[in-house]
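One chain comes next, on its own, written as structure tokens: the form predicted alone.
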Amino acid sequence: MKTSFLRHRLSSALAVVLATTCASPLALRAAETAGELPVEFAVLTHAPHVPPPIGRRHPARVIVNLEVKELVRRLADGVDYTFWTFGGEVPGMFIRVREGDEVEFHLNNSPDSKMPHNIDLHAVTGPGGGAASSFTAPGHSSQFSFKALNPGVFIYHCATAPVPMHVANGMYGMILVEPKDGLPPVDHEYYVMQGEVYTAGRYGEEGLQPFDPAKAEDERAPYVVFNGAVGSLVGDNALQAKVGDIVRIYFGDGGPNLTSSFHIIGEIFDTLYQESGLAVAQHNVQTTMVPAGGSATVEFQVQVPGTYILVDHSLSRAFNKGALGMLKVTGPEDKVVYSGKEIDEVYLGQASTAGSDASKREVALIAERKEAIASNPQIAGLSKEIQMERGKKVFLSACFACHQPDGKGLPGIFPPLAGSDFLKADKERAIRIPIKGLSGPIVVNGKPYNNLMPPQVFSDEQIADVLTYVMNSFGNEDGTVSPADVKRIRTQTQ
């Protein structure tokens, strides 16, 4: 986050220098005499940062250099994926030009790439949006030019066959064509994009995951994420603002398939440019539909401090697949506008502070285990601790709304996990419950319960982790569960 911010600040400074140089009266008169436009190099930024507003009020020839890189990056904790990227990140780098600019576009495909790529910019008027002119083999470069005729915020993406695979692997981004007179000033501009990732493994299944073409064709995405990964906009990576600030978010949907229902929990869009045309605005909007390959620009002023949650309001995507982010607002409270309480841990689940802390602790423990392996083979204890931190995140994502953060359940409704004789009595039964579900009367710690627990769509590893967490938390000391244990029970119950 700090590196991206520094890069953003340095790029911003470069833009100011270039714009000042090219916009001098002498240079403009010389360019007009020669029938040429002044030349600038475009400032490109990684999400969630946006290049600075364009101060000039004349067209320029803007040179864009964008490199395609194929690399392995984090998709979720313990989950890696080989992303194909415009600029080394997902989404691709944000491009900002002005209406009337002539854009000289250079697409460079890294020599390390294994695939050819191109680019289709929805801001381009011409065949394929530039795709027909930019097919680029590994180690090669392509160049084409276009005039930015229409102001707006436009998606760009790879259009090399198979197009859905290239897009699902992360090849999408946004280009802003500012209106000739610019945009109204705001305190913060942010860049957020939604996209789907079609992994062979289920959500949370660990390791380097391959692309699953059948899931992509059926539109069954295990992951729907903001800015390329689960948790990319939570905790330390959350967007920031202060009370009274006006925030503008350029929100895009890279797809390749799903329409987003973009919503910020606790805020109303004071101004919405639907489809990001920037010509017609709506006001006081709660949720906006953003189609795959489309965008929206939203503006709002924050009146009270707290954590505001960005979601796809198709809520299973937000709370079970990763389409969730945060805007953290600091400053004085206004009890007239809103009376009270910060976001509830139960409400946020795995994205809560407790879940974020578990992720950090997991990373630290894995590093500690590697150190222990190198110097001392006493790793069993560390392995168990790692399992418990992973299990805690699973618990926070699906279990603790019913069983409560302290494991005590709800009297007469949901049985306790803390000190549970039912849980302790039969380890295999405990494993079967998340696999097959449980219904009908049971007795826990001498008290009757009669409710329904549906089967949980967890991997063997996730079930092993969450049971190990529960069996060693809330005062329990009931041993561990391995993925092999779960696989054996799952096979027996099929």
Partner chain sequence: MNVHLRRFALSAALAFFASVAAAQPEAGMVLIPTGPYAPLLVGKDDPTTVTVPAFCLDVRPVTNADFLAFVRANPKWRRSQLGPLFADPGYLGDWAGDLDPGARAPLASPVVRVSWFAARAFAAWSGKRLPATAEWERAASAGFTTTDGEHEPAYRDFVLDWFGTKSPSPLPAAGAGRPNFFGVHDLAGLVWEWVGDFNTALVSGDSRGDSGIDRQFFCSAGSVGARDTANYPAFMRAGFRSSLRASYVVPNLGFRCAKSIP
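As the structure is a computational prediction, the values presented were derived from the model and not from experiment. Numbering follows the first chain given and starts at 1.
Below, we turn to the form predicted in complex with its partner chain, even though it does not appear here.
**Q** What I'd like checked is whether W84, F135 and P213 together line its partner chain in the model of the complex, meaning each has a non-hydrogen atom within 4.5 Å of it.
**A** Contact check passed for all of W84, F135 and P213.
**Q** Give a yes/no on whether A159 approaches its partner chain to within 4.5 Å in the model of the complex, heavy atoms considered.
**A** Judged by the heavy-atom cut-off of 4.5 Å, A159 is in contact with its partner chain in the model of the complex.
**Q** Whether N118 contacts its partner chain in the model of the complex should be assessed with a 4.5 Å heavy atom distance threshold; does it?
**A** Output for N118 is yes: heavy atoms within 4.5 Å of its partner chain.
**Q** With a 4.5 Å heavy atom cut-off, would you call V285 a contact of its partner chain in the model of the complex?
**A** V285: no, not in contact with its partner chain in the model of the complex.
**Q** Spell out, yes or no, whether the shortest heavy atom distance between G412 and its partner chain in the model of the complex is within 4.5 Å.
**A** Outside the cut-off, so no.
**Q** Tell me the stretch among 98-106, 328-336, 415-423, 124-132 that has any heavy atom within 4.5 angstroms of its partner chain in the model of the complex.
**A** Contact-bearing stretch, as computed: 124-132.
**Q** To verify the annotation, which of these, E368, E217, D357, D236, has a non-hydrogen atom within 4.5 Å of its partner chain in the model of the complex?
**A** Contact with its partner chain in the model of the complex is made by E217 alone.
**Q** Within 4.5 Å, heavy atoms only, which of A372, V163, V186, V243 is in contact with its partner chain in the model of the complex?
**A** Only one listed residue qualifies here, and that residue is V163.
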